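First, one chain by itself in structure tokens, the form predicted alone.
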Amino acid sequence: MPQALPNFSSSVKLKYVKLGYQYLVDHILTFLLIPTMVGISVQIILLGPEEMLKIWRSLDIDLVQILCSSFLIILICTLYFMSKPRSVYLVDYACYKPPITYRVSFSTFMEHSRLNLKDNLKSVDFQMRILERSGLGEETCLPPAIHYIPPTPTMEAARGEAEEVIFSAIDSLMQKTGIKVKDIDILIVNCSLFSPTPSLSAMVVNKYKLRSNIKSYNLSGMGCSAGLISMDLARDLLQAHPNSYALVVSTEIITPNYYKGSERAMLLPNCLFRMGGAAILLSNKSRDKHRAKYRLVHVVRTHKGSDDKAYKCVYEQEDSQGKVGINLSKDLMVIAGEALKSNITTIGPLVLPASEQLLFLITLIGRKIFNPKWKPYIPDFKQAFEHFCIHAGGRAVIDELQKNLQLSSEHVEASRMTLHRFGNTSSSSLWYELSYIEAKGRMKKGDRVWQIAFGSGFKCNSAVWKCNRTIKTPTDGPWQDCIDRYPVHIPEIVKL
């Protein structure tokens, strides 16, 4: 039999060819500039000092020309620096950590489900199958009102949860940064499903007695990606208001949104969503450059709401018995994939190195002109980022993004472990993931972080951060008492 050909796609030689190509394309300007500079230097040396002096005298430059040229250069530089966007720094952030008394083990969750849905055992079995495959662990938490049988989702209980989560996160942030609440100029609070009157932002103003001229905003109904929408809003406000601090609070209040019916598509959120919240301090002050943890580089937002299926794939509605809940469509993952494609098409040119952009362009032209059946080239985003914070919306979301972006297990480790330890905490999950990376001591100066989140509407939003300084392993935070146990093996199915 003829000898089988080696698998060149996995050969070491091909790997080094690709690395060589990436290095050549990414440094093409350097390779062109160095010979040019060497050639010019050689010519200057060959001319000699006398010839150089003759050339200088032949230019016949007077003082007025020199002054005018200098003024023009100064003017151009001034206009450039005045029009340049202000840098936005993430000074620090803090995540809420629920007490152990709020924990809901699998056995507790299923016992409550059997008691609450005793007339519909099929729905109980459905929840058990979802929980077995969810990727959640035994230490996720639900608010006290949901621990009752039946649950008691009153307005008072919902406000109590909001106050506990938000105030705890802000108190921790103020302690870490040493910033006084009177120094805060901008306040943004995002919570998708709980929108009381007065608003949650007004609740924060009242609690901390913030200034009367504070610019406060309350975002609701924008889903799990609302945290990055808040970042985008804060960035725009910090461009308009120099020398300011912006406090952003991201959370989701579970108490009033626990579904008490039996519709399967509306029972999914009960299995996945858990308590959580984060407070983030942003600044555009130049003196915060060196103490800040990160600098905001890009925010890219994609909205697919013009499509009816995308608009209704995460939809709050009443079931046949009049009970309100969130309906998650079967098309959710397909729609999320389309939104992700649109988002990375926009963010790709902003972050990818020239080598990846060139390969993508060549493949695109080839598909358009020569053969539409050519396999599309998926850019290697690992060339652009060291860390990935993928919204911990569920195991399927993380699996899909890992597959589409061709990421390793280590790249999605923070997302999987956050889902396991804290569950889906909605818009705040990205900050638990970032905290995980820091707690592992992996965040170094110059590292780039890509945060990706999905939300109802349907939206896919991205934020890119660059680490300002090597971050020491924190001694506090949500992972303080358990980071040594992670990462853990998460089986495909946990038999209950």
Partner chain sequence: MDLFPRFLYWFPLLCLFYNLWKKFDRRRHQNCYILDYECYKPSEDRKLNTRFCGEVIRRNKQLGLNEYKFLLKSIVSSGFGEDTYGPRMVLEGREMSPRLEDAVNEMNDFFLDTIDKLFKKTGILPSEIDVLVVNISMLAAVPSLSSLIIHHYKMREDIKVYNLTGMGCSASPIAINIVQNIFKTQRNVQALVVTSESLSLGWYTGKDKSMILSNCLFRSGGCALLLTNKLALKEKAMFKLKCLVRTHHGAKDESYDCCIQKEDDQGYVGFHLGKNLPKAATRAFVDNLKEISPKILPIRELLHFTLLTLIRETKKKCTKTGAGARPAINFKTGIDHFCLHTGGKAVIDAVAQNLNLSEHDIEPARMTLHRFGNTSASSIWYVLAYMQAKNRLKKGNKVFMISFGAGFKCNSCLWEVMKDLDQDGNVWKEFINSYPPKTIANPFLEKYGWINEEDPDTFHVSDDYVIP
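Throughout, rigid core stands for the largest set of C-alpha atoms superposing within 1.5 Å between the two forms. Numbering follows the first chain given and starts at 1. Here the structure is a predicted model, which is why all the values come from computation and not from measurement.
One more form of this protein, predicted in complex with the partner chain, exists but is not displayed; see below.
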* Interface membership of Gly366, the partner chain in the predicted complex, 4.5 Å heavy atom rule -> no
* **Contact of Met203 with the partner chain in the predicted complex (heavy atom, 4.5 Å)** => yes
* Within a 4.5 Å heavy atom cut-off, is Lys373 in contact with the partner chain in the predicted complex? -> no
* **Contact test in the predicted complex: Lys209 vs the partner chain, heavy atoms, 4.5 Å** => yes
* Is the partner chain close enough to Thr255, Thr473 and Tyr486 in the predicted complex that each of the three has a heavy atom within 4.5 Å of it? -> no
* Structure fact -> Exactly one of Asp331, Glu316, Asp399, Asp183 comes within 4.5 Å of the partner chain in the predicted complex through a heavy atom, and that residue is Glu316
* Identify which of Asn404, Ser286, Thr154, Asn120 has a heavy atom within 4.5 Å of the partner chain in the predicted complex; exactly one of them does. => Thr154
* **Interface stretch in the predicted complex with the partner chain - options 352-360, 232-240, 408-416, 382-390, non-hydrogen atom within 4.5 Å** => 232-240
* Since the partner is left out here, which residues of 298-317 would have a heavy atom within 4.5 Å of the partner chain in the predicted complex? -> Arg301, Thr302, His303, Lys304, Gly305, Ser306, Asp307, Asp308, Tyr311, Val314, Tyr315, Glu316, Gln317
* Superposing on the rigid core, do we see a C-alpha displacement of 2 Å or more at Ile149 between this form and the one not shown? -> no
* Asked: Leu72: with the rigid core matched between this form and the one not shown, does its Cα shift 2 Å or more?
  -> yes
